[in-house]
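Shown here is one chain on its own, the form predicted alone, set out as structure tokens.
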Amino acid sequence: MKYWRLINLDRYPIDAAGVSRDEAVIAARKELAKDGCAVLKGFLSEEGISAMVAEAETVAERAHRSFTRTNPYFTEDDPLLPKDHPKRQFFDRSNAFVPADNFTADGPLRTIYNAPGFDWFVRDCLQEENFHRYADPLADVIINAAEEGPGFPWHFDTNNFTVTIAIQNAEAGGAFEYAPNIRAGDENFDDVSNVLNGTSDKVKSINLEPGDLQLFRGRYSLHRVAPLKGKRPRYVAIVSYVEEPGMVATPERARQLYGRALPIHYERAGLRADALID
């Protein structure tokens, strides 16, 4: 599979230096500087979208599903805080991630990921100095397969940024909603509470379309995917980069998100590989 058939290189010439590439990078940087979110509309070609949908449908049954209740900070309940404190507001969350080892080297997702210039284009847009591919064999490229239900409730990310590609929308719902930089400089718990109870005027909403590439700084911007409706699943590809080379998840994190851990997860955690109990 050829990357130039999957990516809209006329609009986003990631593999060639020049004015058009510079313009795309500058536009993304402006959006990120404004509110921490850049959407590169139509990053994939029509053929790329079709190929990604077909691949997602082929592997969707291999998604690991988990169900939890979480607050926006992914922390435990603190009974010392008032009951209405945002750290004590918990919401249902469902995950369905297809692990990275289900995607072949010649499939569309990895073809896009390995396309000449893709890493550098993303890095240039984000202006990140410490920028490395995630070395985790279960998580470098994954697909989230979300079904009807609560979606992803309000939360802050623990990493500096996320890189996602919209593949297929649900029949209804699923808007990306965020309160830009609501946590920048201060925790601003009152503003966070207003978002959680639906009274905030700081929330923006984006309807991502299949083929859109999204770059988002979610550490300081509260965000969610609105509840989904209908039988058609929502597919989103997640491409992971980290600040240090060679990073992988802990065994506990791998098992939580992907249902299993590999020897590398235990070895990097300082555990013997034969401790694997999957």
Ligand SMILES: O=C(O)CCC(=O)C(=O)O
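Just count from 1 along the sequence shown to find any residue number. It should be emphasised that the depicted structure is a prediction, and the values quoted were computed from it without experimental measurement.
Absent from the display: the form predicted in complex with the named molecule. The rest refers to it.
Student: Report yes if all three of 113, 131 and 140 come within 4.5 Å of the named molecule in the predicted bound form by some heavy atom, otherwise no.
Tutor: Heavy-atom distance to the named molecule in the predicted bound form: none of the three under 4.5 Å.
Student: I'd like to know if residue 101 sits close to the named molecule in the predicted bound form, meaning any non-hydrogen atom pair within 4.5 angstroms.
Tutor: So residue 101 does not count as contacting the named molecule.
Student: Using a 4.5 angstroms cut-off on non-hydrogen atoms, would residue 152 count as touching the named molecule in the predicted bound form?
Tutor: Yes - in the predicted bound form, heavy atoms of residue 152 and the named molecule come within 4.5 Å of each other.
Student: I'd like to know if residue 225 sits close to the named molecule in the predicted bound form, meaning any non-hydrogen atom pair within 4.5 angstroms.
Tutor: Flag for residue 225 set to yes.
Student: Determine whether any heavy atom of residue 217 comes within 4.5 Å of a heavy atom of the named molecule in the predicted bound form, and answer yes or no.
Tutor: Answer no; every heavy atom of residue 217 is more than 4.5 Å from the named molecule in the predicted bound form.
Student: Which one, 84-92, 123-131, 193-201, 154-162, holds residues whose non-hydrogen atoms are within 4.5 Å of the named molecule in the predicted bound form?
Tutor: It is 154-162 that comes within 4.5 Å of the partner.
Student: Which residue, 181, 144, 168, 188, has a heavy atom that falls within 4.5 Å of the named molecule in the predicted bound form?
Tutor: Filtering the options by heavy-atom distance leaves 144.
Student: Is any part of 161-193 within 4.5 angstroms of the named molecule in the predicted bound form by a non-hydrogen atom, and which residues would that be?
Tutor: Heavy-atom contacts to the named molecule in the predicted bound form: only 176.
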